[in-house]
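Take a look at this single chain, the form predicted on its own, given in structure tokens.
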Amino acid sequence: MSKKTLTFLLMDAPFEQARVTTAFRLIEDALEKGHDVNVFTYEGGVSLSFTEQKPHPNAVHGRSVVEEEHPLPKDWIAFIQEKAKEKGCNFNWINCGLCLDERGVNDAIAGCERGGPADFLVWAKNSTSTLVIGTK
């Protein structure tokens, strides 16, 4: 199989829909197969890489923060970044700057850049395939 470049556009905020989890799994799988991956986030999706996410306990089930092991999108992104390095794949992540400003989530984890829709357009034109995972 030849190396491909796949581009994803994510629009859902963390913890709102299973679409984000599905996208992360697809991205991981693409990297596992040795493909390069670009991710552009728009609207609420820009919060996925926000550094201030914090795990929490689950009072309903009586579990502490440690027992709950609440997954955070920022940590999953960091894991995906490491997987790309291990596999020798290019992995790029750009958050829409206007969307960041509107939501006040400008502090993203390392490796996640600020850009705009024009970046997504360039990626889409130069990719083998592009998947837009909209909000509805």
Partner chain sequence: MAKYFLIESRSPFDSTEVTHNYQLASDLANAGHEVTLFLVENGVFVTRSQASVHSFNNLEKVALLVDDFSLRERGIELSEVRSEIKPANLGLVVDAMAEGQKVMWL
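Residue numbers count along the first chain shown, from 1. As the structure is a computational prediction, the values presented were derived from the model and not from experiment.
As for the form predicted together with its partner chain, it is not shown, yet the points below apply to it.
Legend entry - its partner chain: the contacting residue among Leu72, Cys89, Ala78, Leu26 in the predicted complex [heavy atom, 4.5 Å]: Contact residue from the list: Leu26.
Inset, instruction - May I ask you to choose, among Ala108, Ala84, Ile94, Ala30, the residue with a heavy atom within 4.5 Å of its partner chain in the predicted complex? - result: When its partner chain is considered in the predicted complex, the option within 4.5 Å is Ala30.
Inset, instruction - Considering only heavy atoms, tell me if Arg19 and its partner chain come within 4.5 Å of each other in the predicted complex. - result: Contact check for Arg19: yes, within 4.5 Å of its partner chain in the predicted complex.
Inset, instruction - Scan 122 to 136 and write down, in order along the chain, each residue with a heavy atom lying within 4.5 Å of its partner chain in the predicted complex. - result: Thr128, Ser129, Thr130, Leu131, Val132, Ile133, Lys136 sit within 4.5 Å of the partner.
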